[in-house]
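Only one chain is shown below, in structure tokens, and it's the form predicted alone.
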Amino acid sequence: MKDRYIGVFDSGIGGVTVLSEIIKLLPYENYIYYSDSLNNPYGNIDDDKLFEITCNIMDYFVSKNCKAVVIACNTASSKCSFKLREKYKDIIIVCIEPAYKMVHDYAYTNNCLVMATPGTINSEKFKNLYNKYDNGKTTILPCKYLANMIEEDNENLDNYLNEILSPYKNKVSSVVLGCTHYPLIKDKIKNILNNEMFFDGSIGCAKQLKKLLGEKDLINNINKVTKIKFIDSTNSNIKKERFIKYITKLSNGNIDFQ
């Protein structure tokens, strides 16, 4: 019973940053990673349509008898998590969210830059989070094209990063990476801003998943190889190859790709 799948989904391969942290805490599980490239980017989709899309993904995970689902996309989490939890009451749903509270807890006096998609920034969930923990020294930066440029490995990525980040060089001490794609280019961001402190929601998301699975005695503790089944909604082999490269590098795990 414990050896069922855990479903993880994102609008592309960015959620690999979340899955890698989950594997570190839950190394003996079976995972299905769903990369929804067909509908990428989620930030350009209206709320009702996005809910329909995420329900279709949830239905797929339910059909595979997943014991838990992780929404590894800040936009989908911000816009759809409440209604998804209402609709799918019998499955554990864990959501990523921008780690702005961590600034409040660990770097309250720092000048902070929050990088996120416009969809996340404009969501009610993020606005509530920001208003609750605002340190009065935070700049919010909507990065309209960044997630998609990372997803597609766009050749103009470095130029775009310089354009949007140069005004903040040496002016911020901490950065919230409010999209699961952004940690994949953390070194590039660091080099432009000349800062050292980053926050993202991946570790907190992984800890919450482990906690909820443990409460229901659903953690698989039998020592075995991590199994991952990768699905892309466009059947892109390029996405699969990049996903395997990233998850192998980030998780340092012994993984069997299905």
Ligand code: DGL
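Start at 1 and count along the sequence shown; that's the residue number. Bear in mind that the values here come from a model prediction, so they are computed numbers and not experimental data.
Form predicted together with the ligand: not shown, discussed below.
Trainee: Can you pick the one in C80, A147, V114, V94 that has a heavy atom within 4.5 Å of the ligand in the model of the complex?
Mentor: Looking at the other structure, the residue within range turns out to be A147.
Trainee: With a 4.5 Å heavy atom cut-off, would you call N40 a contact of the ligand in the model of the complex?
Mentor: Heavy-atom contact with the ligand at 4.5 Å: present for N40.
Trainee: Indicate whether T120 is a 4.5 Å heavy atom neighbour of the ligand in the model of the complex.
Mentor: T120: contacts the ligand in the model of the complex.
Trainee: Just to confirm the contact call: exactly one of 121-129, 81-89, 176-184, 104-112 touches the ligand in the model of the complex at a 4.5 Å heavy atom cutoff, so which is it?
Mentor: Selected stretch: 176-184.
Trainee: Give, in sequence order, every residue of 50-69 that has a heavy atom within 4.5 Å of the ligand in the model of the complex, or say none if there are no such residues.
Mentor: Nothing in this stretch is in contact.
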